[in-house]
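Quick setup: one chain, the form predicted on its own, written in structure tokens, and binding and motion questions come after.
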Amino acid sequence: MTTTTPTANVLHTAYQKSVASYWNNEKDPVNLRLGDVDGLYHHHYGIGDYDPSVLEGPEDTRDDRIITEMHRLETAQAKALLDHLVDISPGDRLLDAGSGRGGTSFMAHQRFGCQVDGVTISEYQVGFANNQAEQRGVADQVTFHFANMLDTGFEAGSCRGIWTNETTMYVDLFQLFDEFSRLLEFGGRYVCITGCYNDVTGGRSKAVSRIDEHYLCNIHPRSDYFKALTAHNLVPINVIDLTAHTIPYWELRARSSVATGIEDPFLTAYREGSFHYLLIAADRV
């Protein structure tokens, strides 16, 4: 697989083309300013309590303190995900499915010392992340591909671990986990962090629907993750509810200069219980 794969072979539907266009044109400060803190550019949210002292002190540096603290929380989220990839050696291969600008891929390579491949349907993100790999001197070990995570083109059984970090809401879960089951070696590990709506409260709440509209995504019900995993020989070994742990991030973001207006729907959905933030680790059997 290369980054020069023809678009027609990667983007199969009008919806995928619209999502790719969104991310090709995305230059949101909430992603870029946080990444500028230390050069790790993420496309996800954070977990953990924030340090209230960032809201104190000189007004003219307050926002910079908030940005730095938000980045610490989003990096903590990526660390929590990587903590659930087990028995990874330098000779293994990992897949970052929906890799964005590459932040978690670089963290994984630094931790495990193995080959990491990222796939995204955004050609802009591929170029940005591969440029980052060159600058970091790891382009021979961390590579980003213009590819569809539903049909990567990689060899069966070639991956020891795969993760998705807030990307599953853009795809059909049964198609996705069929591909991941094909790619993972026996005993390999898949780790997912995702927002999902609560089946117990019924369908999508108004707040969840606003999140869908904002990001052009299709948030899945919680139960669909477990149905699709078990249908494809992926057995959950850990399920952690991170909902309470992500609320502080959103509270802090709402007080920052990079707030986008979507903070209130997230906070409402989490607090009312219609939306959950889950980490799921599953083994290929």
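All residue numbers refer to positions in the sequence shown, first residue = 1. Remember, it's a predicted structure, so these values are computed and weren't measured experimentally.
Omitted from view is the form predicted together with geranyl diphosphate (GPP), to which the following refers.
- Contact check for Ile219: a heavy atom falls within 4.5 Å of geranyl diphosphate (GPP) in the predicted complex.
- Although the partner is absent from this view, Gly195 contacts geranyl diphosphate (GPP) in the predicted complex, with a non-hydrogen atom inside 4.5 angstroms.
- Remark: Asp117 does not count among the residues lining geranyl diphosphate (GPP) in the predicted complex, judged by a heavy atom distance of 4.5 Å or less.
- A residue is said to contact a partner when one of its heavy atoms sits within 4.5 Å of a partner heavy atom; Asn31 meets this definition for geranyl diphosphate (GPP) in the predicted complex.
- From the list 106-114, 208-216, 129-137, 151-159, the contact stretch for geranyl diphosphate (GPP) in the predicted complex under a 4.5 Å heavy atom rule is 208-216.
- Residue-level contacts in the predicted complex: of Ile121, Met169, Leu73, Val191, one residue has a heavy atom within 4.5 Å of geranyl diphosphate (GPP), and it is Met169.
- Within 4.5 Å of geranyl diphosphate (GPP) in the predicted complex, a heavy atom is found for none of Phe144, Trp163 and Arg284.
- For the stretch 29-54, the set of residues having any non-hydrogen atom within 4.5 angstroms of geranyl diphosphate (GPP) in the predicted complex comprises Val30, Asn31, His42, His43, His44, Tyr45, in sequence order.
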